[in-house]
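So this first bit is one chain, no partners, the form predicted alone, shown in structure tokens.
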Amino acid sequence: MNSRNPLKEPADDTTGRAPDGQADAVRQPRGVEQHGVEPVPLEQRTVGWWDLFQILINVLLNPGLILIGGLSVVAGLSFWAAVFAQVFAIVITFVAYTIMGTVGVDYGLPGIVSTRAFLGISLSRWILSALRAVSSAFFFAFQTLAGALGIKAVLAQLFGVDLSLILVSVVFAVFQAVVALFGYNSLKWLSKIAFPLKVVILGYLLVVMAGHDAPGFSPGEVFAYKGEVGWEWPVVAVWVNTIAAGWFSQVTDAADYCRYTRSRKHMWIGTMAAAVIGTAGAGFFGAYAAAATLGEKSNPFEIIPELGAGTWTLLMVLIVLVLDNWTINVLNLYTGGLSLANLATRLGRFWSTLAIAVAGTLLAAMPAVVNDVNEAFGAIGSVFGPVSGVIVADYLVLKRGKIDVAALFDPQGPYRYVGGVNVLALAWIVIGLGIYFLLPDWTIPVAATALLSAIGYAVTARLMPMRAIEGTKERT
């Protein structure tokens, strides 16, 4: 290894340059997070498991996952099958997610930057970063529209106004973007405020639904709701795949949330606890509302205002919608901004985040984004399933959990591979993409292709002469 230890050195200057000086030359505004593609200095990695837990559980308790819980019941699943689909999907995904989270803890790197070591500098920057930035903008728009549907319904009940969904979405998107631009500290601050409020309000709204006297709303009736198909595995698998696809696309972002964390132990506890509790809570809430309406309606934030709820309850719905969307979408923009910064290094984190916010806001003005969510998430998962499998296999099996940080910023170093591309990794991503479309839905294609791509890549790399796979060894 080089005598220079990049893990203990701050950025070259206050503009956020990476160790080789290739990163952004544009000065970031004062008062915002300065760290972009370069590692976070060791002395700044002080975040404990509780802060990380609050950030991530706010991500998981969001209108999108709540809506998916309801949509899966509308599609015919029983109440408990819908909740199971959410939790099972997140457990599958977070195996890969927590593995890649160690990159953030150990090296202070954004996840997307670490993929330069596994895929090659050019493939990581020009292809994967672009795909991740686009998917971040899409997820931002989806979450915004899911929340805006509920806000629109609440405002109609409170004030008797029928606002344009596009207008509500765009205004809401702008407010969410403001917090993301400030960076990681704003995420911690917002999460500390939002988490207790969301837990209290969602609990209150659940009590409102459970106590309503209309047929179907009592806990006993909801828990006994069997749906049209119940537990039929092909249908359960479709929804497991839908949820997993969205989260596999964020495996490359796991380190983004963890790069200020003080140890692996804190990362594992905070991440896994948030994953299970947050997903179960979101799925339970969404599925409850849909099952109470006998599978006719999917969005609890549209259902509750129609129950004749009073002003106080409607205000609670409005508050939780705003908090839900803010916490999830701030992170969508934050990770999307880091992905774009990996591609366009001279933009820097702040300006890259602003660009993703503008793109996401434009998409939020297109209500069709919430239609055909299965197809959209499936298309994203078809790419990020094999990508996740390959990078996890490379990190664990070939590099044994070690990365040469300085080499990530050296265009002529070991992570150049062949013209900036790890050809073997690219081959297995393409193979995995082909396999995805051949597999039937009951196999959960996104998880299956991640596993098959990981095994195929690791075995092939082991069988090939090491000199044929440039970059698998660290610089000496």
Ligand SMILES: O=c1cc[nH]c(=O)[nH]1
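This structure is a prediction, so every number in the text was calculated from the model and none was measured. Residues carry their position along the shown sequence, with the first being 1.
The discussion below concerns the form predicted together with the named molecule, not included here.
Trainee: Could you tell me if all three of R132, Q250 and I328 have a heavy atom no more than 4.5 Å from the named molecule in the model of the complex?
Mentor: Looking in the model of the complex, the three residues R132, Q250 and I328 all sit within 4.5 Å of the named molecule (heavy atoms).
Trainee: Choose one stretch from 232-240, 219-227, 112-120, 136-144: the one whose residues place a heavy atom within 4.5 angstroms of the named molecule in the model of the complex.
Mentor: Heavy atoms within 4.5 Å of the named molecule in the model of the complex occur in 136-144.
Trainee: Under a 4.5 Å heavy atom criterion, is S72 part of the interface with the named molecule in the model of the complex?
Mentor: No, S72 sits far enough from the named molecule in the model of the complex that none of its heavy atoms falls within 4.5 Å.
Trainee: Would you please decide whether G108 lies within 4.5 angstroms of the named molecule in the model of the complex, comparing each non-hydrogen atom pair?
Mentor: So G108 does not count as contacting the named molecule.
Trainee: Closest heavy atom of N342 to the named molecule in the model of the complex, within 4.5 Å or not?
Mentor: Heavy-atom contact with the named molecule at 4.5 Å: absent for N342.
Trainee: Quick one: is G104 in contact with the named molecule in the model of the complex, heavy atoms, 4.5 Å cut-off?
Mentor: No, G104 is distant from the partner.
Trainee: Only one of G389, G360, G246, G150 gets a heavy atom within 4.5 Å of the named molecule in the model of the complex. Which one?
Mentor: Contact residue from the list: G246.
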